[in-house]
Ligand SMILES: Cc1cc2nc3c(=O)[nH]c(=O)nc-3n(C[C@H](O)[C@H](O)[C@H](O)COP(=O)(O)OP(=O)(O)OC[C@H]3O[C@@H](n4cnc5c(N)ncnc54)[C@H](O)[C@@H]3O)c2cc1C
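A lone chain, given as structure tokens: the form predicted on its own.
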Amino acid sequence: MTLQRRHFIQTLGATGILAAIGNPIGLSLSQAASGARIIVVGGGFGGTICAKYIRKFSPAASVTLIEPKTTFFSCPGSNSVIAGLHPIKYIRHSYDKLGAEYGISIIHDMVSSIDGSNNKITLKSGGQHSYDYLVLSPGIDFRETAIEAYNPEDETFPHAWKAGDQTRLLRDQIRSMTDGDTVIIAPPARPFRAPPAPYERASLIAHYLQENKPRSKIIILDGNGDFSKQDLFTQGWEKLYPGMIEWIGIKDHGGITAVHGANREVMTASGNHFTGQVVNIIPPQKAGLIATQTGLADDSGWCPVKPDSFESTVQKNIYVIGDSCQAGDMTKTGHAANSQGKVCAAAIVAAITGRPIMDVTYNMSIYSLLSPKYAISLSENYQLTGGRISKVSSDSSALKAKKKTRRKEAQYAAGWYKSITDDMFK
């Protein structure tokens, strides 16, 4: 793919399906007007977009966004904060414009239960709200018993896989290291949120260490036998950080079995113990808590949905988008959630008006920084094939790209981030 085409995907892909091709269900705003009550739970990459685009295409609909946090911290961009390239405010975003400019009612509370039979939700504060359509975009939850003696709340082993306080914690631990110390990063077995992100994290931490603690080392204890964009990452590490990053796959260590907090030690099935002054355990994951509590997830831990609308196959009029859902070949990324949010919004407006859902193309782009001036990317497109979301095209950065190309991709990465967060909050 040429750089011009990449730039097109970066700018157009961030604004997404609906903004790119107009109204996908062929409705004028007056036709789409409705007094339907839609509640969206979760104010991340999927939930904000779904709420915003329902209002765009059905201005008379009552849309309520329920999100416990008053400020959103994005996981995309957080590795740059951990590595000291940006302050924490770079990934901090406000929900204010969604209410003021789009008429979305925003409630900062937590949903404690869902009564799907009577179309009601109950909030932690005790309030109840009725809905005609309910969208869940609760992100991920952790499988807390997968590693002996590990607790995601234990600050000894920060995961930083939910941005905000954990981002600051891992950043501060990196800053407090002594030159010559070791950082351990332990990604879980797939599927998990943002598959390339652990390796971007290793890259940017290596950039910080190279400038500030050059005798230090990074060990990646991977829960997989390979990883996303592996050849591109490996090539970049050899060029930028020779000898600093060591990747050890699941076949060589057998999997992480336990941790020991006092010694910052990681035990593996192979019998080897690894000690790091900073240990970033990224735990195995499953659908967000409210989705699993409501019984929308199956034995895989993720929620099965209808691929053309993201309506749950378990409960009518409840939709699940983003990291929590099973979306065929789509990976669990912020851009995938953005794409799903728009498809879901179109499907709900179609349901409100009694019109059929038109065929759509889903998309996903993800940029990975290896240094402030070196980035790689992956873009994928998906369509419905045989009743599932299937990948129909894929393109990644060229392995033999010039230094100028990698620098351009770093610029595009910044543009992608601004575009997709503007799409969410402006």
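Counting begins at 1, following the sequence as shown. Since the model is a prediction, treat every value here as computed from it, not as a measurement.
One more form of this protein exists, namely the form predicted together with the ligand; it is left out here, but the text below deals with it.
*Asks:* Given the ligand in the predicted complex, answer whether the residues V135, P307 and S339 all have a heavy atom inside 4.5 Å of it.
*Replies:* No.
*Asks:* At 4.5 Å between heavy atoms, only one of the stretches 378 to 386, 52 to 60, 396 to 404, 363 to 371 reaches the ligand in the predicted complex; which one is it?
*Replies:* Careful reading of the contacts points to 363 to 371.
*Asks:* Is there any non-hydrogen atom of I88 lying within 4.5 Å of the ligand in the predicted complex?
*Replies:* So I88 does not count as contacting the ligand.
*Asks:* Check Y241 for me: does it contact the ligand in the predicted complex (non-hydrogen atoms, 4.5 angstroms)?
*Replies:* So Y241 does not count as contacting the ligand.
*Asks:* Closest heavy atom of A189 to the ligand in the predicted complex, within 4.5 Å or not?
*Replies:* Although the ligand is absent here, A189 would stay clear of it in the predicted complex, with no heavy atoms inside 4.5 Å.
*Asks:* Is I39 close enough to touch the ligand in the predicted complex, meaning at least one heavy atom pair within 4.5 Å?
*Replies:* Close contact is absent here: in the predicted complex, I39 is far from the ligand, nothing within 4.5 Å, heavy atoms only.
*Asks:* What is the one choice in M177, M110, A146, A351 with a heavy atom within 4.5 Å of the ligand in the predicted complex?
*Replies:* Looking at M177, M110, A146, A351 one by one, just M110 meets the 4.5 Å heavy-atom criterion.
*Asks:* Counting non-hydrogen atoms within 4.5 angstroms of the ligand in the predicted complex, say which of G236, G139, P284, G276 makes the cut.
*Replies:* Checked against the cut-off, the match is G139.
*Asks:* So which residues in 77 to 91, when you check the ligand in the predicted complex, have a heavy atom no farther than 4.5 Å from it?
*Replies:* Heavy-atom contacts to the ligand in the predicted complex: S78, N79.
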